[in-house]
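Given next, in structure tokens, is a single chain: the form predicted on its own.
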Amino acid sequence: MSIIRKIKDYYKRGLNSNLLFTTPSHSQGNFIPEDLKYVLGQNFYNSDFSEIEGFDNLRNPSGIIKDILDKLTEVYKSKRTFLLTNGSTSGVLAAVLSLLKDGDLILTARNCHISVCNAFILSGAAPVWIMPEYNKQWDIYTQVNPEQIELNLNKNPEIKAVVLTSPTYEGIFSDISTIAQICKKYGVFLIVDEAHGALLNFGAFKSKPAILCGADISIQSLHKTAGAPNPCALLHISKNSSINPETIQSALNLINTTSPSYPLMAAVEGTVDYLNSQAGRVAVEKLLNSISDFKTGLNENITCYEGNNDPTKILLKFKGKSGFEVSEVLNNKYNIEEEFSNNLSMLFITGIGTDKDKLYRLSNALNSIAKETADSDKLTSSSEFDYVLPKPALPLREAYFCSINQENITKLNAKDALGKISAQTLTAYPPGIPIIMPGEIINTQTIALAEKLLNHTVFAVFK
């Protein structure tokens, strides 16, 4: 039986048929502040249960939750798929915690989410950083070169795992199939943060899901493009991986709440059921067609990024205007907010809830702005920024725990902080990629990037 069916059956019997002296203490909506009733609705509270009789336990599923996991496993063609109610972050943490121990080396692309870095702090795993390719014409990081993966695995035989982000925040895919073959050749695990790829299983995309390309583990955020509420997500283990699902369950039990949200678990189930239905697959196809029509209808002064990318991430730039300039007009004149802008480009994230009318309104606004620059000779130039990886001076885990003691830290302006050891993590949101982490030496590129993305000029450093 499903969670949704179980909750519906409970409704049919009457919410007060069983007298519950359990959590949550609102007693299935007997108490709701009026403002919250307006915002969340009566049904949310009616659906919010604890692990009462018949409702199973996410930490050790044996009933309806196990049934859902079995169904998810079948849908995603995995060895095991896990339901996550606290985002892809929990999946990333669990993946690293289950495979690595203190001091183990892990090869990691620097455009990773901050959750990857936090996993290193928790596990004690030591990152070997590599840089993805950088496109100066768009001011974005793109794919990770497979040759770079092999070069580093050959150079560092002690590396136990590789973790990559694909698709990236901007939707760029790496060649996971080739990278997976390289990882198998060297006997290391491949973890793919696929948070932005939750629709890949249900439509005609330029890349297949990571676990079907040979990755051992992938993590997907259902809320990013697939229509589920924050922070619904999934963790998948490939059928061909040697990873024991019980080790993942144990790691999840270390970090997950013991009181998972039944409304969110029901949302995961309902979202995947819909996506896997005929109606859901038609909806994904309709979305992709609508995006294609949207791009076709754009003014000639607007260029869309076209490469090995996910089309649901619309990355575009204007002739004659920076992304920042267009963003200001979109926000103030048209009441349209993009996901992200930089000096060169703009990112618009779409998903299962993005209909044709919404894209039509965006198209009209962008075309109107583009017409204003039709006669402009100004061209958006390529980025001159050249990021250089900060050198580590202390292990990440050691530096983090040292930074907890404020007596070890002082704050300096950018000029005086140059060459000092960072005692803080600076992260740009969106998308949550770290600029500097504890234990790394602050360089000129770090300072420039922090000022550019965060307007940050004061740094916490070790004395």
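In this text, residue numbers run from 1 along the sequence as written. Quantities reported herein were computed from a predicted structural model and do not represent experimental measurements.
The same protein has a further form, the form predicted in complex with a small molecule, not shown here; the description that follows concerns it.
Considering the small molecule in the predicted complex, the lone stretch of 257-265, 361-369, 122-130, 193-201 in range is 193-201 [heavy atom distance within 4.5 Å]. Proximity to the small molecule in the predicted complex, defined as a heavy atom within 4.5 Å, singles out one entry of 295, 79, 223, 110, which is 223.
Only one of 238, 98, 88, 350 comes within 4.5 Å of the small molecule in the predicted complex through a heavy atom, and that residue is 88. Candidate site formed by 135, 343 and 387: none of these residues places a non-hydrogen atom within 4.5 angstroms of the small molecule in the predicted complex. None of the heavy atoms of residue 142 is located within 4.5 Å of the small molecule in the predicted complex.
In the predicted complex, the small molecule lies within 4.5 Å of some heavy atom of residue 429. At the 4.5 Å threshold, heavy atoms of residue 115 reach the small molecule in the predicted complex. Contact check for residue 165: a non-hydrogen atom falls within 4.5 Å of the small molecule in the predicted complex.
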